[in-house]
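We begin with a single chain expressed as C-alpha cells, specifically the form predicted alone.
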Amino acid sequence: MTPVIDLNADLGESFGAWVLGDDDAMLEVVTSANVACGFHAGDATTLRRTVARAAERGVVVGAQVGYHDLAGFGRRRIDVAPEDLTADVLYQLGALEAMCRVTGTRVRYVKPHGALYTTVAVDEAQAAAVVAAVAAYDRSLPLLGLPGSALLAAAAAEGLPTVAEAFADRGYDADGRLVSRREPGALVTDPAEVADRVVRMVRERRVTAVDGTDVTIAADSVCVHGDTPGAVAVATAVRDALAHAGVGLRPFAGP
C-alpha cells in the first residue's frame, strides 16, 4: 500500500505592516494550513485572506491557537489559569471560524502554537484546559500535537480525535522532544537535508537526534514552519522528495 502523509505549515502570521513568510507560495505546496488566530500573530485582514486562499486551493484549515502574546510571537510560556486558557482557546476558535465561514471553508482541526505547544506537551493542567475548549466547541475536531504528549493523552482520554505530528525543520533531542530554539541544532534549514529527514520519518519512522542517536517517531502529519528561512524552498524540496519516494500527500482532516 502506498504510504501517505499530511504536510502542514504555520500560516497567517503577518501583522499590519509586518509581513512574515510567503503564504501564497506555501499554500501551493502544503495540504493543511495552521492559521494563526490573532493572539500570537495575525490580524483580522490577514486571517480572512489566508483562509480564503486556502479554500481556493483546497488546503484544509486548522486553528493555530496560542498564548495572548503578540510581542513575543507566542514563544514565551505564560502561567495562565486553566479557566482563562480554555476561554482564550475558545475565543481564538470562534474568530477563525468566522473568517472561514465567510470564505467558504471551516476550521477542521486545532494545533497549539509555540510555547503553548511545548507546554501542553508536558503540563497536564494546561493540556486539559486546551482539550476542554475543543471538547466544548466541537468534539469532532482533531488535536494535532507531539507524539506522547500530555495534550494528545488528555484528548484521547476525553474521546477526541488525535493526530501525531513530526517536524521537518526542527531538531529533536534523544527523548523525542523538540530542541529549544535557544539551543544549537534547533533549526534545520538546508532544503536537501530537511527533505531527506522527512522521507526517513515517513518511510522508517525514525529521525536522527542532535546527539546523533536515532529516535522513533510515528506521525501522520509533518510540519514545515512558514517562518523558517527559505521556507518555500524547504517545503517544495520536501514535497518533491516525498513524491520521488512514492509517498502520497493527503490532509489528515479531509477536505
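Numbers for residues come from their place in the sequence shown, where the first is 1. Quick caveat: nothing in here was measured; it's all calculated off a predicted structure.
The next section is about a form of this same protein that is not shown, the form predicted in complex with a further copy of the same chain.
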| Which one, 57 to 65, 208 to 216, 34 to 42, 192 to 200, holds residues whose non-hydrogen atoms are within 4.5 Å of a further copy of the same chain in the predicted bound form? | 34 to 42
| field | Non-hydrogen atom within 4.5 angstroms of a further copy of the same chain in the predicted bound form for each of L160, R177 and V188 | value | no
| field | a further copy of the same chain contact in the predicted bound form: D84, any heavy atom under 4.5 Å | value | yes
| Does at least one non-hydrogen atom of G94 fall within 4.5 angstroms of a further copy of the same chain in the predicted bound form? | yes
| message | Even though the partner isn't displayed, in the predicted bound form is M99 close enough to a further copy of the same chain, meaning a heavy atom within 4.5 Å? | response | yes
| field | a further copy of the same chain contact at L47 in the predicted bound form, heavy atom, 4.5 Å | value | yes
| query | Among A164, A125, I78, V122, which has at least one heavy atom within 4.5 Å of a further copy of the same chain in the predicted bound form? | reply | I78
| task | Scan 112 to 148 and note down the residues that get a heavy atom within 4.5 Å of a further copy of the same chain in the predicted bound form; none is a fine answer too. | result | A136, Y137, D138
